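Encoded as structure tokens, the following chain is the form predicted on its own, with no partner shown.
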């Protein structure tokens, strides 16, 4: 396979295109010809050397793809036969012309959905679904705050929140992004670069707080989140994007941020009637039943037109394209999903 690899940790310019050996299929594995691959913040963390789950260099990042099944193990079901258009999660190696994955990581892609849209669904919508519905247990009428509302997960939360009847609030990094979010249905968006979002939220809610907070930022926002929770509120932590503040690794910043991480005291949580939940999608790949069920639900919602990923920008699936895509995300320029796509 031809892959876009990280030969060593460093800035976006490190990407190289290399021929890598195809991995052998197990009986329930698929090989997918990749037409498009989603770009996620975890890819950036892996490239700078701050993602503990990343394999040794050289490797290709990429947690989600869309494409066509070109090979299937002898125990793969007929719904994923050779020639089937699919979207799938991957355990790295998505930035390539082909990738291997277990069959329960993939679902058929509706014929009327293009590959770029398909590649924008698995990571963002699985994360949003598990955070909002499973972990956060958001209910009608509750107030939900999502950080990074203009990113792929944030907009997926907005999509999934509408039918639940929750009141969604968000943070974003510019007035323009905040205005766009409010036009899409967010009750109020707070520009975290200009105001203390916690103080602004308290003022807007006249001293009130939130029943659910979805936080991909990391240690620096955790205590604020706990303080903003109403009794019986839940905070779901699913990322450490605040550790990556530029295109290169800043180890001291990362270390000091982790050391400042709030230590959760269970007695305090009980006395305050608050809950904390951690979510790491990368650690759920072995949960076959959960993964199959959640992917199937995302496929059903996409086919029914009940979710529609917001695509910000598509870059070519080349080393230069990957470099440009990572730079774009580092600069927080996106409103929605960034995708790598093979030239037609």
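These figures come from a predicted structure and were not determined experimentally. Residue numbers count along the first chain shown, from 1.
From this point on, the text means the form predicted together with a small molecule, which you will not see here.
Novice: Which residue, 212, 157, 172, 96, has a heavy atom that falls within 4.5 Å of the small molecule in the predicted complex?
Specialist: The residue from 212, 157, 172, 96 that makes the contact is 172.
Novice: Among 234, 143, 177, 104, which has any heavy atom within 4.5 Å of the small molecule in the predicted complex?
Specialist: None of the others qualify; the residue that does is 177.
Novice: Out of 314-322, 300-308, 280-288, 24-32, where are the residues with a heavy atom within 4.5 Å of the small molecule in the predicted complex?
Specialist: Of the options given, it is 280-288.
Novice: Answer for residue 117 alone: is it within 4.5 Å of the small molecule in the predicted complex, judged on heavy atom distances?
Specialist: No.
Novice: Answer for residue 238 alone: is it within 4.5 Å of the small molecule in the predicted complex, judged on heavy atom distances?
Specialist: Because a heavy atom of residue 238 falls inside 4.5 Å of the small molecule in the predicted complex, the answer is yes.
Novice: Using a 4.5 angstroms cut-off on non-hydrogen atoms, would residue 334 count as touching the small molecule in the predicted complex?
Specialist: Close contact exists here: in the predicted complex, residue 334 approaches the small molecule to within 4.5 Å, heavy atoms only.
Novice: Find out whether any non-hydrogen atom of residue 138 is located within 4.5 angstroms of the small molecule in the predicted complex, and reply yes or no.
Specialist: No, residue 138 sits far enough from the small molecule in the predicted complex that none of its heavy atoms falls within 4.5 Å.
Novice: Would 36, 62 and 121 all count as contacting the small molecule in the predicted complex, using a 4.5 Å heavy atom cut-off?
Specialist: No, the candidate spot makes no contact with the small molecule.
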